[in-house]
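There is one chain below, alone, in structure tokens, taken in the form predicted alone.
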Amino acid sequence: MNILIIGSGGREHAIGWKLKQSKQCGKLFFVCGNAGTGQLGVNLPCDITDFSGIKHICVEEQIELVVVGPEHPLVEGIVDYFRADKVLQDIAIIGPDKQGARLEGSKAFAKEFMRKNAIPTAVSMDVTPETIDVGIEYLRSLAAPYVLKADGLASGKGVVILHNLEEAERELKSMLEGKFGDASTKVVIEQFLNGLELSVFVLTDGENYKILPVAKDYKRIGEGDTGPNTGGMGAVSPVVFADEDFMKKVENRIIVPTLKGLKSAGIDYKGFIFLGLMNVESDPFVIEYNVRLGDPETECVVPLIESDLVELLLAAYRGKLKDTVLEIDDRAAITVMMVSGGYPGNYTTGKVISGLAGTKECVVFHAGTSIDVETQKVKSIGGRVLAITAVDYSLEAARKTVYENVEKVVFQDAAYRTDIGADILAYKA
């Protein structure tokens, strides 16, 4: 079957890389892809929220399966668009409808959903410009640090953690005055949870579910988790502090109640649920929901999936996930993200990338890359440029391999963290 993947990052490259391994995969298309996805299939120019343009592609290329990578098309209602269109309604599309996508599209909605379904999460309050005085009083009732979250999508920049109360009050006012545009017309003030963060990915057909390999990502730009947050500087899987007992709690306290809550709300959810969790003294708490796979965790997790991903996705769409088996490689995986110098602040693009052909015993997933029309060389076009992943029988061995390959890849002002996975190796329960 012909498959369309919507998105242009490392996540979409990794998904395409895995789907291409299936005997059921015919032609592979990307909207709009990057230099790496272009090696797997055909990149087509189209905005990810141009639903009529995507419809035209689906018709022209006889698409039978659509995988939505990023959150924006889901929040904008691409699944609803497909279901309501007579030409598209028989195409299998992976992702929730607009109502289900509110789990990620609105922090306030997600918090209310968790409260209603008794899902463990930090205590919080929603604040609007009209209730800012109440919000400030609530801030003053909390102990530092203070967590402020823009209610809507803010390209991964809408969460602010501050240690000073006066700074938190000023930040709250700034956010409500439009610092993040419409995304922060409402702000969620949240209690800070102290623990170990991890990412759990669930594939569901609305009734049944499969848990993908658990990962830990590294959000901050600097060594030792210092500096500003980024879209992610790397990831490791598995996670040693997510043992069998802990994951049973995740299933019973979070996954099962989440699916029951979605069903009771009349939401037909067929796709991925990303659980951003905090392990607080061996108890799981939800920091956030995402309604798609995360990045760069996908580049780390997907290589550990041994099952046919096309079969799994079709089973989820058809409500047959219970009849499938998810086979997982029991080795360790690590992903290191190479970024443009200056990221996540100001950075320049258009840097020629060399050394890719010399990499071995790893997979290089492209994120912010393209092919230069004149020279036909790979160049950088974004802040996060490449995700390099290695898999081995120990994290230590995989880590050694991945950094050996990172050093082979060269572009001007390239940057990366050298401590990805070091904390996991040093972890003691």
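Since this is a predicted model, take the numbers as computed values, not measurements. Quick note: we count residues from 1 along the sequence shown, nothing fancier.
The same protein also has a form predicted together with a small molecule, omitted here; what follows describes it.
Chemist: Within 4.5 Å, heavy atoms only: does V147 come near the small molecule in the predicted complex?
Modeler: Because a heavy atom of V147 falls inside 4.5 Å of the small molecule in the predicted complex, the answer is yes.
Chemist: Using a 4.5 angstroms cut-off on non-hydrogen atoms, would L196 count as touching the small molecule in the predicted complex?
Modeler: No, no contact at 4.5 Å.
Chemist: Closest heavy atom of D97 to the small molecule in the predicted complex, within 4.5 Å or not?
Modeler: Close contact is absent here: in the predicted complex, D97 is far from the small molecule, nothing within 4.5 Å, heavy atoms only.
Chemist: Please determine whether V159 contacts the small molecule in the predicted complex, using a 4.5 Å cut-off between heavy atoms.
Modeler: Output for V159 is yes: heavy atoms within 4.5 Å of the small molecule.
Chemist: Based on heavy atom distances of 4.5 Å or less, which listed stretch (163-171, 304-312, 147-155, 248-256) is in contact with the small molecule in the predicted complex?
Modeler: Careful reading of the contacts points to 147-155.
Chemist: Taking the small molecule in the predicted complex, would K107, E190 and K219 all count as contacting it (heavy atom within 4.5 Å)?
Modeler: So, yes: the whole triplet contacts the small molecule.
Chemist: Of these, M125, L88, L356, A122, which has a heavy atom no more than 4.5 Å from the small molecule in the predicted complex?
Modeler: Checked against the cut-off, the match is A122.
Chemist: Tell me, which of D268, E76, D80, E288 has a heavy atom within 4.5 angstroms of the small molecule in the predicted complex?
Modeler: Contact residue from the list: E288.
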